[in-house]
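What follows is a single chain, given as structure tokens, in the form predicted on its own.
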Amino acid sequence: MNQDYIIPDPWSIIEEGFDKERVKSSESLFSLGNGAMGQRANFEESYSGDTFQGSYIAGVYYPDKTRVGWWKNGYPEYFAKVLNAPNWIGIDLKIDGVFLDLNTCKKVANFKRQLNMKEGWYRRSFVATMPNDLEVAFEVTRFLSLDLDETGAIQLNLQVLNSDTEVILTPYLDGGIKNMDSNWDDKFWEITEVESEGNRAFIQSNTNKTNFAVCTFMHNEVYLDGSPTEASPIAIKNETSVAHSYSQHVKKDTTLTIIKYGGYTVDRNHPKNQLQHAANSVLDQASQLGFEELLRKQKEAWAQIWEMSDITIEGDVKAQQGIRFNIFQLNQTYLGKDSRLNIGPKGFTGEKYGGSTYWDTEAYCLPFYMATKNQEVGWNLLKYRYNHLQKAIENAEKLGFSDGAALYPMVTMNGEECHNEWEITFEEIHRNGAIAYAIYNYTRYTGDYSYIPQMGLEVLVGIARFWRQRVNFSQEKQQYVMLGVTGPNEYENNVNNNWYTNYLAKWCIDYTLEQLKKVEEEYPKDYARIVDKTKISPTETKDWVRVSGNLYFPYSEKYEVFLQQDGFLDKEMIKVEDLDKSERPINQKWSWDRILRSPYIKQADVLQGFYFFEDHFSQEELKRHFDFYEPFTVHESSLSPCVHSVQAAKLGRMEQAYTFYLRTSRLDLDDYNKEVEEGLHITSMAGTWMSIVEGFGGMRMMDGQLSFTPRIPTGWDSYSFKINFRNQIITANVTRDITSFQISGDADLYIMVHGKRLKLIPGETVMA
């Protein structure tokens, strides 16, 4: 049974009624972010119940020493932890000597949370009866500014409904924070200074080992019925925290308000010795603007984001809510402003997985950002990998590869591998191919080839060298094979000749050879520089051609399908539909040994290859492979339903495509995997966008041209989406009867719709 307490709404995530059992889930679902920092939706006031406190700063991490049963050569030295940062949102409330704490209140009525995705703010309200029988009405609004992305703002309103009383407001900063996922209970932060200046306070701290310097700050303002009070704070400091205590006599039904600005300045953006000065500067800007003006600017900034990235659905409010939630969280996590940053699987919503970058970015997120942002955002994502090329070469060297072979990490913060499960760290090497595929995907979509001669060709050469060294020649088969790998299906480890990995390796080598030739002919200066730097030679490339032309691919003549790996048909081939429902999900019910021997597939594997390279295969081949593999797929990865949705739509199976879409779009809202309290599945959210634009909309790049094959799910009246294609904005609107297109820009554009050529003219609506 999936959770169902989130109220369907096209533009908001809404929860009504207080339930202690879902506090941690809601802390994830109502999370906030602005690309530079983020936080779970923890209560501002004290809460003694079960909670998962989490605040995070982009790019700030800690190298937690690897914890394994025994050491293996080549293991990463550390597991990079997304750091739980000092908490700035806290505001304790003591009313007539008793702390307001929803866990201890006699009654909580009218409890409501709202995350307004259209405008980028979060609000929580309730009426509570406290242990001392005082009845209080509470409302708090919070947002993280997109304009001033080092700060956020909180406005908390309190009324005591049945008595005049004393209220003590105590906003605070807390630096004594630990990660829930610490391997050794290490102390991640060292606090160097705790200061209070009037209504402002600061905690300066450094991360241990990585030595990031951070200043956490706050500025507080107190009002009675909208008028500033004269209350001066009493500063309370210790080694790890600083608080300001404001005491106020409050008459019955009077509104007591505190406005709190807080956030972080980091030495990634400022000199180490100027962090407090920078904090004062951003607080000056925020306080001068004021809460309402800052909120107005927030609404404007989000309006601009939605103008380009919104997808509208008529006739299905849960589907509409799902896609907007996914688009909202992707934009909260990454806005493409900083090429030093990337997209973590949990974003700013939790600590699970560590690291900031998986292959998810290149395989799933890049298409979303290319189509909904300006071209520089895709460029920055690719530049991130180029900046880490030397680290990728060092990662490969640690595993015994040489001569410039590059293995990009499974998980990383700075380019260095920091994932420590051997069957993934050493063997899930297909992630290397996703980097090369992203380069191909970027150039074909944007038409901007300049990345390859400037940066990308060096990356491709390193990756091709890795694949050449990773295969070996089988005397038995008289072909090159790839042994001991883990494909995208992590329910098979240490297998031989995973088809997807082998196919990707061949494609990477062939694509690199093509780009070498093109750069040599068209960018001779860049080519000379790259040859000098990489020492690539005709002898080496001839060797690549030999390997690529003689790579082995497991195939079943009986089923006429490529086999996921050599031994796949040796398994007991019981389909998922024939499993007892009490055995699901198998990753929670079965031993790992049993899972590894089963035919069950965590996510698209062979079908991932058919998704990437669908133009290499016929519709009949896709149908045959989909019908063979999907019945064995348990979809216990967040990345699974979207690929299957796209392919089901291509096969015209709209009911199945819609089912997969709903699962990917509401994966967290409905908590399909029973783990949302740990954080959201940010990178898989891009797959929801793919399901609509590439699945239902059928958008593809074909011979340098956009092509669409629009379809519509049965329950929908219409849907629409926008695409930024080479600096021209295309709007597609699909109804049950007709599809129309509009284009903004200066030039006409030809597209293909259902195989027919269509001319889009700026200012005109064209029917397909």
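Note that the structure is predicted; figures quoted are calculated from it, not measured. One rule holds for the numbers: they count along the sequence shown, beginning at 1.
Note that the form predicted in complex with another copy of the chain isn't included here; everything after this is about it.
At a distance of at most 4.5 angstroms from another copy of the chain in the model of the complex, none of the three residues Asp9, Phe126 and Ser163 contributes a non-hydrogen atom. For the residues Ser537, Gln304, Gln619, Asn472, the 4.5 Å heavy atom test against another copy of the chain in the model of the complex is passed only by Asn472. Scanning Trp359, Phe291, Phe426, Tyr503 against another copy of the chain in the model of the complex with a 4.5 Å heavy atom cut-off leaves one residue, Phe426. In the model of the complex, no heavy atom of Lys525 sits within 4.5 Å of another copy of the chain. Proximity of Arg666 to another copy of the chain in the model of the complex falls outside the 4.5 Å heavy atom cutoff. Contact annotation: Phe401 falls within 4.5 Å of another copy of the chain in the model of the complex, judged by heavy atom distances. In the model of the complex, Val317 stays away from another copy of the chain, with no heavy atom inside 4.5 Å. Figure note: of the listed segments 448-456, 590-598, 292-300, 538-546, the one touching another copy of the chain in the model of the complex, with heavy atoms no more than 4.5 Å away, is 590-598. Using a 4.5 Å cut-off on any heavy atom, the residues of 406-425 that reach another copy of the chain in the model of the complex are, in sequence order, His419, Asn420, Glu421, Trp422, Glu423.
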